Every structure is written in structure tokens, then in C-alpha cells.
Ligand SMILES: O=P(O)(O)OC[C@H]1O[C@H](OP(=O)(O)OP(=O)(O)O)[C@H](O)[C@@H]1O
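Consider the single chain below, provided in C-alpha cells and representing the form predicted on its own.
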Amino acid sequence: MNEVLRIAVQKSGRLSEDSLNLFKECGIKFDNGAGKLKATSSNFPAEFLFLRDDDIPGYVEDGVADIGIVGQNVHVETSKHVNEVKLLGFSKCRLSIAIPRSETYGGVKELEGKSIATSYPVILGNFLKENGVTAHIHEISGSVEIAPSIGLAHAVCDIVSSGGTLLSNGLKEVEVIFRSEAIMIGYPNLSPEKQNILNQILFRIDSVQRAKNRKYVVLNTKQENIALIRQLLPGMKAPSILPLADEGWVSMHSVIEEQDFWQNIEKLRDAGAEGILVLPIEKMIF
């Protein structure tokens, strides 16, 4: 019987959406309708388990799930025995210490002897230890931002994306202690067949991610401008150059980082580029 790779993803939230979109961009079809706890792909040997983010590392450690996608903050906080398979580059956030806006902050030493509310006692404890600070860590599972206003703690340590939640609760961010993004973790003892399935997924992910910030550029120019424009259009190896019907004119095709294109657009025009087309790339395979 052919094996199926069991993939654990967060059942709701931004990380869940980003993770599922990634698999769909990789051509893996599945139904993740509301309320589903499990879904099987219709065109790839994979089964998806929709779980609480805090539970995913444990499921992977126990081999119930073969791989999982969590935030690095969850991976580090739970400290489960799993493999770090791949950083995924999305769902970026930071774990920060925040204090009431009315208070001043002169550095981490001011936390000495204070009470800090957090859902991440391990990461916070490591940070305080590294900085030689002794503080009381008050572990709570949710609504961390309210702790100072009800007298539960002097400060909080929580996940920050935009900072809007802190602001609405009268807090200000004063110390970033950990930066996080989505990470794929894996069961350490995958069978050869499941490892092969995982390798296929990683190949597809790499192809999708390479294309994310790159564009396919097509332009026309006179032959005499080729050398100069080539310097401005670094391709995967070199631009493709095709003759046009009009004598002395060519079409140049290249793949370029989007940021590089915008930095060079005026230089390209000054170098004689005309009729410039910029097209999205769906996949890039090397």
C-alpha cells in the first residue's frame, strides 16, 4: 500500500491561510472546508491535519504527523524533538516586551524584579537569563495585553505584527526579543517513501518561492544597445536575444528580481529599451 504524507497545519489564522495557499500554489489539491479536521489530497499522496498551533510540534515528535508548519516561536517554545526542515519566509512577526505608554524605558535592566505576563515563558526566560535579569514570569494562555491594566503584571511579552493591539491596550513596544517566521518541521524517522514525498513537496515549494519576487521582462531595442542593456538585465544565465522583423532591432528576454527592475527602469530606457513588458512568473525550476 502506498504511503501518504501527513501534514499538520494550524486550523485557523493567518499562518493557516499562508500555509494552505503555499500547498495550493504547489499544485496540491484538497478541500479545507470550514470545520474540517482532516482532508486528503485528490492529486498528491498527502493528508492534511488541522490542529491547534501549540499541538503541532508534539504531533510531529510522536509521528502522528510527518511534517508540520508552525511559527518559529512555537517551535522554540515547545522544544520538541523534531527536524527543522525549511524556513518558509512568510507569516513573519516578532516577540516583544511592552510596557504602559505612560512609563519610560531605559533598557532591559529596568525589568529587574518586575513581573512580566507572557504565553512564551521559555523564550522570555532565555532572553532574561542572557541579559542577566531576574524577573517574575507570569505565564498566561491568552489576553496577555490586558495584564498591566488589571494589575497582574508590570509588563507583557507577546507576539507583535503591526503593534495595533498593544496600542489599543495602552502599551508600547520597548524590546524585541525574538523574530519569527513560518518553519516546516519534520518527524526525525520518516520512511524512505515518505521522505521521497517530502522531497517532492520541497522541490515544488522551491520552484514557487523562486518565482515570488521575480519578473519576466521583454523589451525591444537596437542591436547596438545590446551590450549596455545586458549589464542592466542579469538573467538566470544571460538574456535571450531574438531578431525582430525590422532590420537592426532585437527583442531581449530576461528574468530579473522585481526590486532590481524598478531600480534600473530609467537606466533601461536611457540605454534604448522600448516596448518594455513585465510579466509575472508562476514557477521557476532550475
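One rule holds for the numbers: they count along the sequence shown, beginning at 1. Small disclaimer: the values here were computed from a predicted structure and weren't measured.
Separately, the form predicted together with this ligand exists; it is not shown, and the next lines address it.
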Pro100 within 4.5 Å of this ligand in the model of the complex, heavy atoms: no
Any non-hydrogen atom of Glu77 within 4.5 angstroms of this ligand in the model of the complex: no
Gly163 within 4.5 Å of this ligand in the model of the complex, heavy atoms: yes
is_contact(Ile159, this ligand) in the model of the complex, heavy atom dist at most 4.5 Å: yes
Option from 151-159, 196-204, 123-131, 77-85 whose residues, in the model of the complex, bring a heavy atom within 4.5 Å of this ligand: 151-159
Residues from 113-147 in contact with this ligand (non-hydrogen atom within 4.5 Å) in the model of the complex: Glu145
